[in-house]
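Single chain ahead, by itself, as structure tokens, in the form predicted on its own.
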Amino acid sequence: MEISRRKFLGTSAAAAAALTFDRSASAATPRISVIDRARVSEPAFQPVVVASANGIRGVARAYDMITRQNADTLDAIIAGVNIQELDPEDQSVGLGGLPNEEGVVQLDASCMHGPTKRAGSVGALEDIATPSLVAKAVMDYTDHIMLVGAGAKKFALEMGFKEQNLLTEKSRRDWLRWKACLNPVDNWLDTRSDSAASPPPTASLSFDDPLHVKFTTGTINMNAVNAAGDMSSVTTTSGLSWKVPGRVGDSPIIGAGQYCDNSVGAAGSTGRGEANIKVCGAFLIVEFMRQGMSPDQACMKTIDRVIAMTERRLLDPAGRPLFDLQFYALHRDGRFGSATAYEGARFSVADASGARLVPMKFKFARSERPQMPEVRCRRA
């Protein structure tokens, strides 16, 4: 079959054009190998949840919600801290928390949601067991960030939260024991039987003995990042035991008790709130991470700042603090860290390796911890 020159040239031109188009398309859309496809399908960020040691059950729940249920990070970590808030045996938060000097349980909490850059908090909240959820409601439904006292309770009730007596029998008895030992000339008697009397009339107080120290602190902080790199943080507490009514610590203060910047990381604290407020500890840790420090380095640097800003009466002769304070940090890239003044503390972590307790970095060895002064407790 004879093909004309014109037809041949036209066919050749069309083929060349098609070939050119295919090559251009190939250049614009490079082929993806099987290995590359696997890499593309991997999450850009590794989900991680960190918390204070009392949050070991909570980090497991939050991690499961984030990775299996695709839950929002803030919803997940609030569900995590709710475990402690609703546990009457945990006297540091929520139901059963140790009361103020008048025997009233007052709760504080705050939260931050990285993706939306929003925050909420409550202070001196009474009769509501889950202040973390009330703080989130403040964030979700008002133009405010913090509500306190009677106003916070009124808001919570209007939002449908249940009012209940938070003072358990266990915490009430501990409060009465504190009052009995408070002042040798007051009208309160120590009514414990001799068999239950501990410590003896003269005893050295330990940082680790929550029933017999004059004041104790207890808090839970939790921070999380998901596979999309979105972060959140929350802190909740019943605050300093036997505190002056109305006292608010660092937990409900954005930038002190917790802080979250979705482009960098999140951080929080437990321990003496008054010491942390003065350095805006959680905010400072996030800023140190922004400057390139690791989470551990950022936390330890903030411990140093706390000590530098502590008044003389709260330091021993060697300049070591007479209180405990712990910091927890989570970078957006999944790195996590912590720091505490004295050796021995641990914190909670949940990631692909499971939920576990991890030793905290410390500034001073256990042997360097100052001895607490002796106290006399009158017995009936």
Ligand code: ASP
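In this text, residue numbers run from 1 along the sequence as written. Since the structure is predicted, the reported quantities are computational estimates derived from the model, not experimental observations.
Keep in mind that the form predicted in complex with aspartic acid (ASP) is not shown, yet the notes after this line are about it.
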Have a look at 127-135, 250-258, 281-289, 294-302 and name the one stretch with heavy atoms inside 4.5 Å of aspartic acid (ASP) in the model of the complex.
250-258
Answer option from Ser121, Asn223, Gln84, Thr270, heavy atom within 4.5 Å of aspartic acid (ASP) in the model of the complex:
Thr270
Quick one: of Ala180, Leu240, Met146, Ala79, which gets a non-hydrogen atom within 4.5 angstroms of aspartic acid (ASP) in the model of the complex?
Leu240
Classify Gly229 as contacting or not contacting aspartic acid (ASP) in the model of the complex by the rule of any non-hydrogen atom within 4.5 angstroms, answering yes or no.
no
Distance check, Thr219 to aspartic acid (ASP) in the model of the complex, heavy atom within 4.5 Å:
yes
